[in-house]
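Have a look below at one chain only, the form predicted on its own, in structure tokens format.
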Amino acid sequence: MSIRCLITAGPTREFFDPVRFVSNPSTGKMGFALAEAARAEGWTVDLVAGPVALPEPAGVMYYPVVTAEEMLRQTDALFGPCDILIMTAAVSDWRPKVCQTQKLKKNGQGLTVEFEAVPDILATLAERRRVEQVLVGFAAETENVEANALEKMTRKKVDFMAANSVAGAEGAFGRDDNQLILLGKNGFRQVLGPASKREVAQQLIRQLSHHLAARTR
């Protein structure tokens, strides 16, 4: 079965002047591991990634972006022909309402920045999905991990939500290992890991491959 997979990875950056931005600690390791695992499964892989310090995975089509708006545009352009979307990226939820054209000068005073919401990439794509497309979100949570992931899965109208903790030093951000709780419709629940992100990625791709195969029987 020929599968085209679209994966997002890494953080996004939202600028309030040409050299300063808000972001998060995502390294992109989980998304890149998923791209490698999907390619090893024989899938065609498009990888849209925010700013990361990782080598480009072999055998995938790689699309680097920076902001959430850029990630939305690139992902939207690739979404139509994909069979499965895995939204691993840690997209910034807010951006400065105004980005100054010149570097702000330090004057010994505080700085107040007004923020606005960025477009919700996963929810936007879910609104125009084809019936046969499979959508997988990631929920990076600091508390009530499973409950928040279930709520997110329902609200965004996706098939699966992979939940993980990013709280404290043991959280998933920046680490080489991870544990996911894969949640799906009709009460599906599968714990993946704890193991290296490479192993967890392989486990997740196998689960999704089984799901896709079962749909075609």
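All values reported here derive from a predicted model rather than from experimental measurement. Note that residue numbering follows the sequence shown and begins at 1.
The same protein also exists as the form predicted together with cytidine-5'-monophosphate (C5P); that form is not shown, yet it is the one meant from here on.
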Practice task
Determine whether any heavy atom of Lys29 comes within 4.5 Å of a heavy atom of cytidine-5'-monophosphate (C5P) in the predicted bound form, and answer yes or no.
Solution key: no
Exercise for the section: Would you check, heavy atoms only and a 4.5 Å threshold, whether Val91 touches cytidine-5'-monophosphate (C5P) in the predicted bound form? Expected result: yes
Practice task
Consider Pro119 of the chain shown here, and say whether it contacts cytidine-5'-monophosphate (C5P) in the predicted bound form, taking contact as heavy atoms within 4.5 Å.
Solution key: yes
Problem - Contact test in the predicted bound form: Arg39 vs cytidine-5'-monophosphate (C5P), heavy atoms, 4.5 Å - result: no
Practice task
Work out which of the listed stretches, 58 to 66, 43 to 51, 180 to 188, 156 to 164, brings a heavy atom within 4.5 angstroms of cytidine-5'-monophosphate (C5P) in the predicted bound form.
Solution key: 156 to 164
Practice task
Answer yes or no: in the predicted bound form, does cytidine-5'-monophosphate (C5P) come within 4.5 Å of a heavy atom in every one of Arg20, Pro96 and Val113?
Solution key: no
